[in-house]
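What follows is one chain in structure tokens, specifically the form predicted on its own.
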Amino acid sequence: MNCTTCQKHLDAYFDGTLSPDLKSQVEAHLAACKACSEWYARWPVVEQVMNEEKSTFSNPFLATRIMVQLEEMQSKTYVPAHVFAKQPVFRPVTVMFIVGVAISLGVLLGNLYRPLQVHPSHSTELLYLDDAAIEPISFYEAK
């Protein structure tokens, strides 16, 4: 018998419900295996703790005390009704504002990164254009 099988049958061995054949195998393994015999030596303590936990009863007034504390917490976080009355108007306005800002930023950024498109026939005229001074019409006439 290996340790896993022995440990699986220790509960029944402790209760005395094992068949004689299995009981002799478990006893032989416990005599030969130090780890399993230490495991079995702690078994009465485990049984005692489990029985104590099973016999523990909760306080019948515990649920009442918890409910009172929850109600007190809810009353401290009271939100006036007029806050909820404004909420249906506030939320759509906020969403519309955010969508408007997003569209505006998209258009602005799209225009910033759009390359300047100059018609080929106007390129030479634009090279001579001086915004600081007013040039006569003759300056732009073909020679």
Partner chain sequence: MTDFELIQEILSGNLTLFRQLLERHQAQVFRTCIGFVHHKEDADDLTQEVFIQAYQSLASFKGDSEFSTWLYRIAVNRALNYTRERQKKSIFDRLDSFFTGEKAVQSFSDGATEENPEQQLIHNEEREMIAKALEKLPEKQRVAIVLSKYDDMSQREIANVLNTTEGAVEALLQRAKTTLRKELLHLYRRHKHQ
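Keep in mind the model is a prediction, meaning the values are calculated, not measured. Positions refer to the first chain, counted from 1.
A second form of this protein, the form predicted in complex with its partner chain, is not displayed here; the remarks below concern that form.
*From the list 99, 107, 49, 32, which entry has a heavy atom within 4.5 Å of its partner chain in the model of the complex?*
Of the listed residues, the single hit is 49.
*Exactly one of 95, 70, 103, 28 has a non-hydrogen atom within 4.5 Å of its partner chain in the model of the complex; which residue is it?*
Flagged contact: 70.
_is_contact(residue 21, its partner chain) in the model of the complex, heavy atom dist at most 4.5 Å_ = Although its partner chain is absent here, residue 21 would stay clear of it in the model of the complex, with no heavy atoms inside 4.5 Å.
*Indicate whether residue 113 is a 4.5 Å heavy atom neighbour of its partner chain in the model of the complex.*
Flag for residue 113 set to no.
_Just to make sure I understand: among 33-47, which residues lie within 4.5 Å of its partner chain in the model of the complex, judging by heavy atoms?_
Residues within 4.5 Å: 35, 38, 39, 42, 43, 45, 46, 47.
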